[in-house]
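Before any questions on how it binds or moves, here is one chain, the form predicted alone, in structure tokens.
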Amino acid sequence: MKKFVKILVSSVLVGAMALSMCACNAAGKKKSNGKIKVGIINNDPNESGYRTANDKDMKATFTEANGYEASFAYSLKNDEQIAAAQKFIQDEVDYLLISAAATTGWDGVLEQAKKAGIKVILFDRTIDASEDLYEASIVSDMAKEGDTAVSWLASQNLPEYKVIHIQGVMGSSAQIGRSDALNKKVAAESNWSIVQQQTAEWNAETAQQIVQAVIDSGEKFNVIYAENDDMAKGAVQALDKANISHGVGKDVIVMGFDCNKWALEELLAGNWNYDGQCNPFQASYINDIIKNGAKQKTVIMEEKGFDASTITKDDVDKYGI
């Protein structure tokens, strides 16, 4: 009987020690340096002024001084972003923060993250995935951005609308939202038409080439609808080269998105007509969710559109990025 008791006690002690070691190892693996480990997947910071501001905001927030161990991965390609997410899962991050290059294809890797106990927070852009696969979504309402811009354009009451539509990276939520609003309006109105619709993938030089090709073809147009400021800038360079007037009261209406400070200054000078805001500053909301347990599932950034005829210097200073 004594021998049995000794064996039982020994077994209990060994089991307790094993559980204690497992608990210590698990805690140590996750919080070995006392930091919250995050993997941040973003688009290329050189993509646009918006993206540069967005990346700067993330890096200013997710610092060691603020209690984080942050790793960053960048790509404009969905498959490369997904590969980066898989690497972060292998690295056992605590949080996975994603600004997706495209809206589809994320289910598998998000399920992997969920099984690993990693919390996912979307920022900037939405994805087509079940809400139970991510903790929160801090994003712009890209469809509303498009609707606001197209409503403004309709309010100009042109006899006819002949639009050069320069699109962003195809399949991104920004491109889908800004394109869909214009496509629906063109389909609904007999005096609206698309002269050219082509992606420049957010690139100014490519946008310039697209507009130059239309000019060379002799096709008439009176609206440039560019899905970001950099592409609008490239389009204007083609107009200037051809001595085609643009801006308030001129031959061609110029529209952009993002509200870079230099773009709003173009509105203030009357060289452009409209710029749609896309707010890049999501990091503080994400930090609040991680640190303070904020329970908001979806945060939609506040945004507006600016008209060259009403914009002020204060608007430029306050909203320009």
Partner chain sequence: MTKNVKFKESMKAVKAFLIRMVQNQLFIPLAALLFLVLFNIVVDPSFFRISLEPSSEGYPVLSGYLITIIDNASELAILAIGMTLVTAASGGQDISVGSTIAIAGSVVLRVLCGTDSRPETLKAPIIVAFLVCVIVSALFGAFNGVLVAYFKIQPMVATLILFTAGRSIAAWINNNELPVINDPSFGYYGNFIPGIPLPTPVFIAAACMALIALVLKVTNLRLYAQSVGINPSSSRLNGINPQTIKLISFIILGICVAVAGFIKVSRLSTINYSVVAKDIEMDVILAVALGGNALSGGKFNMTASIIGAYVIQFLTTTLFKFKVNSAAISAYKAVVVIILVVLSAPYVRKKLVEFRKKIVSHKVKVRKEVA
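Quantities reported herein were computed from a predicted structural model and do not represent experimental measurements. Numbering follows the first chain given and starts at 1.
Below, we refer to the form predicted in complex with its partner chain, which is not included among the displayed structures.
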> Is there a heavy atom of Ala213 lying 4.5 Å or less from a heavy atom of its partner chain in the model of the complex?
Replying inline: yes
> Can any non-hydrogen atom of Glu265 be found within 4.5 angstroms of its partner chain in the model of the complex?
Replying inline: yes
> Closest heavy atom of Trp202 to its partner chain in the model of the complex, within 4.5 Å or not?
Replying inline: yes
>> Given that its partner chain is not shown alongside this chain, does Ser284 nevertheless sit within 4.5 Å of it in the model of the complex, heavy atom to heavy atom?
In response: no
>> At 4.5 Å between heavy atoms, only one of the stretches 65-73, 256-264, 269-277, 35-43 reaches its partner chain in the model of the complex; which one is it?
In response: 256-264
>> Counting heavy atoms only and using a 4.5 Å cut-off, do Thr52, Met170 and Gln209 all touch its partner chain in the model of the complex?
In response: yes
> Asn222, Thr103, Gln237, Thr148: which sits within 4.5 Å of its partner chain in the model of the complex by any heavy atom?
Replying inline: Gln237
> Since the partner is left out here, which residues of 184-202 would have a heavy atom within 4.5 Å of its partner chain in the model of the complex?
Replying inline: Val195, Gln196, Gln197, Gln198, Thr199, Glu201, Trp202
